[in-house]
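Quick setup: one chain, the form predicted alone, written in structure tokens, and binding and motion questions come after.
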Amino acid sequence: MTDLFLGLTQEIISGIALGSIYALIALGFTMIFKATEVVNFAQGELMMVGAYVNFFFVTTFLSAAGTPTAWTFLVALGGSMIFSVLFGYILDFIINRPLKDEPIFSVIMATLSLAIIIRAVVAIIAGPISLMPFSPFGDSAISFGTIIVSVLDLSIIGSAIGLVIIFYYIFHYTRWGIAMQATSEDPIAAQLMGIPIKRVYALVWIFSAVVATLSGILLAPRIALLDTTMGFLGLKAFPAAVLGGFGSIPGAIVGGVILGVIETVSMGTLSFHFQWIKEINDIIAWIVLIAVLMIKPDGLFGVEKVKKV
């Protein structure tokens, strides 16, 4: 019984770390949807591109410096952030602005097409061989009694908490954050009040790209391989956003953590005792999503919209 408890505890901590990454990706889905009512199905590919760009910067600085240092990873992070800001602005210019008033189906197809194009371009540039990303923490771990937790997982959890606090402050206590909230509630009224909604839309896409890049940087060393299939992991964050209530920022965070814990525990303890769970592990997030939506169709934190006739 003690071994089972220790195993579950370690799996839950690992699941929280994985769920934190899902939560950040789901946060990107949510931010774009709240402001523009667009579901960006290329969010996973934005995460993949951010991971590749960071890998490029790290390897470039490593070849120049010779030995990895904290400054190597910090400078690479800064370069990746600059890239994500520019990339988010470009995506707003080529996806959101031309299709703003078009049918929602056209926008969905545009983001799906963008995902396929990004994946193909990255495969052409980076090649088909999987890369081994670097971790600033190596294989170091910390012991809490008999529980061993990797420093990477602790850093992921801490980074996710810090980012959520930063974004919460931006959305609630800054001029542009309040402008984003106003635009998401009623873009026409916001424009009449003098809010530059085009700039707000661009800022939302930039924030989404930044979050996706940070997610990719955190996820790459955890999965130990970097290739174009990494973009598909972004789709696992989509049920997290829906589970929490699509359009709800707290819901995206809670939904991501829940799915991360469920996935990790199902891969570990549950699959050890029930072999058939291994066969459905890839779809278990969707099974949980359907089960929750059958009980609460608007998600855990979703608000039911009343249509006036």
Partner chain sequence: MKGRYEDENLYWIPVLIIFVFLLPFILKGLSFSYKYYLFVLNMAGIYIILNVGLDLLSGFTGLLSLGHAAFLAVGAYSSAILVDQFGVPFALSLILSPLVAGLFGFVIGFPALRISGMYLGLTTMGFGFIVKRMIIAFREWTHGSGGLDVSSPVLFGYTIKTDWNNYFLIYTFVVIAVVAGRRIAKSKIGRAFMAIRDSEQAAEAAGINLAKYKMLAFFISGLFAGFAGVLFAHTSSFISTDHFDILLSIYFIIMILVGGVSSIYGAVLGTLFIVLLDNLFVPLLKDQIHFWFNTQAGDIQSLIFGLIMFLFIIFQPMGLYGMWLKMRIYWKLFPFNPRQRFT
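What you see is a predicted model, and the numbers here were worked out from it, not measured in a lab. Whichever C-alpha set is largest while still superposing within 1.5 Å between the two forms counts as the rigid core. Residue numbers count along the first chain shown, from 1.
What comes next is about the form predicted in complex with the partner chain, which is not displayed.
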The unique member of V261, V58, I249, V39 whose heavy atoms fall within 4.5 Å of the partner chain in the predicted bound form
V39
Partner proximity in the predicted bound form: W71 to the partner chain, non-hydrogen atom cutoff 4.5 Å
no
Would you classify F238 as touching the partner chain in the predicted bound form, given a 4.5 Å non-hydrogen atom cut-off?
yes
Should P98 be classed as touching the partner chain in the predicted bound form when contacts are defined as heavy atoms within 4.5 Å?
yes
Is G162 close enough to the partner chain in the predicted bound form to count, meaning some heavy atom within 4.5 Å?
no
Honest question, do I94, S106 and M294 all end up within 4.5 Å of the partner chain in the predicted bound form by heavy atom distance?
yes
Within 4.5 Å of the partner chain in the predicted bound form, heavy atom basis, the matching stretch of 80-88, 209-217, 113-121, 140-148 is 113-121
Honestly, after the rigid core fit, is V292 moving at least 2 Å at Cα between this form and the one not shown?
yes
